[in-house]
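Only one chain is given next, in structure tokens, and it is the form predicted on its own.
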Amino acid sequence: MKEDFAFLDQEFEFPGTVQNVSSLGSGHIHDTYLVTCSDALSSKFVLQKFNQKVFKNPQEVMSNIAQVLDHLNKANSDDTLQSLHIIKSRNGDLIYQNQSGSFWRVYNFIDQSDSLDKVTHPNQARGAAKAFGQFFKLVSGLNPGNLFTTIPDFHHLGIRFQQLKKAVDKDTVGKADHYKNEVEFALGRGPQVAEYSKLIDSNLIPTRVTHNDTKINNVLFKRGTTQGICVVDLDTIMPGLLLYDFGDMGRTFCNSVLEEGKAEDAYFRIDIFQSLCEGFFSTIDIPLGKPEVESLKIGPWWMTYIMGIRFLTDFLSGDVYYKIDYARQNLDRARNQFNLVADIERKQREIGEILDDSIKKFVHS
């Protein structure tokens, strides 16, 4: 259904009337648009329609984002990392709800910036990881207890594993028996799930304010360079563990192909991981205890495996969560991630050694 954007001029105070609205980005969750206005600068803004199947309480999401952006703007003293600004509604609200119940929000558009969907050079990984490291340094002064947990157990390994088992047992759309190889691969890692899940309950790893979606396309680069200038897509900002964010950088930066790529072409690029570690640990500048460091070593496996079983769970449940363009897309995504998991397992020792070396070089506990 084509959206009606007539409400924009009425509900938001733009510098001119809205001249054009066009689709923007390639995200799996929200509907995102670029809004261009009629003022002398042709000012641009980012408009998003919330996916309420994923985010049940958009007001809590926006409360978290507002707190983080306010903290970033106060804590950032050198202007090397820009932050987004929420364009409030004419009523002063962070988000607008229309008569049909849909929620909309508007940000400023970061001009003269580039976005990448895939890392093709180590310098891109280094630049994006530097931006994420600086972001975590800045938000480390914010009490995670002040934020809502907008998606409970979002990256909880044990719970995601149980969700997969339930999907296999229920087999709602009759797919489980046809894809036994993928199901056996996922369920066969139950021992690792049991071992690693204990980390969450150990109380040895500090809870931090975490981004929870540290893909390369959630960093904007200064146009024509590999300098990360803005961290975006803050919807999943909430209390979490650093291993989630470090692991998701490893999962997405280091995969040789995109999530949509052929599974047989997916492998973990060690050279990219080396650059990722150098960039991230050169800017994060917060003390890291031994248990937290050890958790980071399994971060790439953790997040890749979780995404693999989430894609598989969604496929077996009838594709109710992620947007798909064809019938077996979530299955193909799961296969891609499982190939990456297998390669991470083969390279786990090297991953740990690179991380240790980078921490010794850059992090002062």
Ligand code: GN1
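Bear in mind the structure is a predicted one, so any value in this text is a computation, not a measurement. In this text, residue numbers run from 1 along the sequence as written.
What comes next is about the form predicted in complex with the named molecule, which is not displayed.
Trainee: Residues in which of 211-219, 134-142, 68-76, 95-103 have heavy atoms within 4.5 Å of the named molecule in the predicted complex?
Mentor: Stretch 211-219 is the one.
Trainee: Just one of L331, V61, M307, L296 has a heavy atom within 4.5 angstroms of the named molecule in the predicted complex, so which one?
Mentor: Residue within 4.5 Å of the partner: M307.
Trainee: Would T236 count as a contact of the named molecule in the predicted complex, using a 4.5 angstroms cut-off between non-hydrogen atoms?
Mentor: Yes, T236 sits close enough to the named molecule in the predicted complex that at least one of its heavy atoms falls within 4.5 Å.
Trainee: State yes or no: in the predicted complex, is some non-hydrogen atom of L288 no more than 4.5 angstroms from a non-hydrogen atom of the named molecule?
Mentor: Contact with the named molecule, no.
Trainee: Is Y267 one of the residues lying within 4.5 Å of the named molecule in the predicted complex, judged by heavy atom distances?
Mentor: Flag for Y267 set to no.
Trainee: Hey, in the predicted complex, does C37 get a heavy atom within 4.5 angstroms of the named molecule?
Mentor: Heavy-atom contact with the named molecule at 4.5 Å: absent for C37.
Trainee: Within 3-24, which residues have a heavy atom closer than or equal to 4.5 Å from the named molecule in the predicted complex?
Mentor: If the 4.5 Å heavy-atom criterion is applied to the named molecule in the predicted complex, 3-24 yields nothing.
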